[in-house]
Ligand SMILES: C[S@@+](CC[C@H](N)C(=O)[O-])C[C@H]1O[C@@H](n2cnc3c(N)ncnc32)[C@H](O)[C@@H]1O
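First comes one chain, alone, set out as structure tokens in the form predicted alone.
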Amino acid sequence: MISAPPRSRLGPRLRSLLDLCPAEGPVADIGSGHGRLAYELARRLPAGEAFATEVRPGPVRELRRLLGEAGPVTILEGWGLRPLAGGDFRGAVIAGMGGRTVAAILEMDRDVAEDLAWICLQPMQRVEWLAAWIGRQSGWSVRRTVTMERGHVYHSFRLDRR
């Protein structure tokens, strides 16, 4: 069993997103931040199947400090889905960003997104804008859930390749 890094507990917002994710990998947490979601994904998957990405060296160093160099999560550096290009990933999670940023990532890295079996999204704002954008895409079935944490409503989307 993987031992938990300090403060690895997930609140209701991230727990609901984790529950929406299939337990199949390899999977990457895009823009992982503190790495707690990536760590929890690693606990559910065979060794070597959980990845966390960050775009800049400073956040990458912090992620390595939080998760440990030899931890259960492989850390990749790069913007959006680009660090996944050429890999054999089943899914990706994008959370903690605005809906327009999420859509921009999926648009700019469309070739990588189209190779994934599933994508879970949880925008922090512009939810309806992202929902409308998702509705204009083809080839995905969509499931949407809602959760509350500290008086805020959070919407999560799971896109599965048809």
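Bear in mind the structure is a predicted one, so any value in this text is a computation, not a measurement. Numbers follow the displayed sequence, beginning with 1.
Omitted here: the form predicted in complex with the ligand. The next part is about that form.
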Could you tell me which stretch in 108 to 116, 65 to 73, 133 to 141, 30 to 38 has residues with non-hydrogen atoms within 4.5 Å of the ligand in the model of the complex?
30 to 38
Is Pro26 near the ligand? Define near as a heavy atom within 4.5 Å, in the model of the complex.
no
Contact of Ala42 with the ligand in the model of the complex (heavy atom, 4.5 Å)
no
My question is simply whether Cys21 lines the interface with the ligand in the model of the complex - judged by any non-hydrogen atom within 4.5 Å.
no
So in the model of the complex, does Gly91 come within 4.5 Å of the ligand, heavy atom to heavy atom?
no
Between 58 to 84 and the ligand in the model of the complex, list the residues on our side with a heavy atom within 4.5 Å.
Pro59, Gly78, Trp79, Gly80
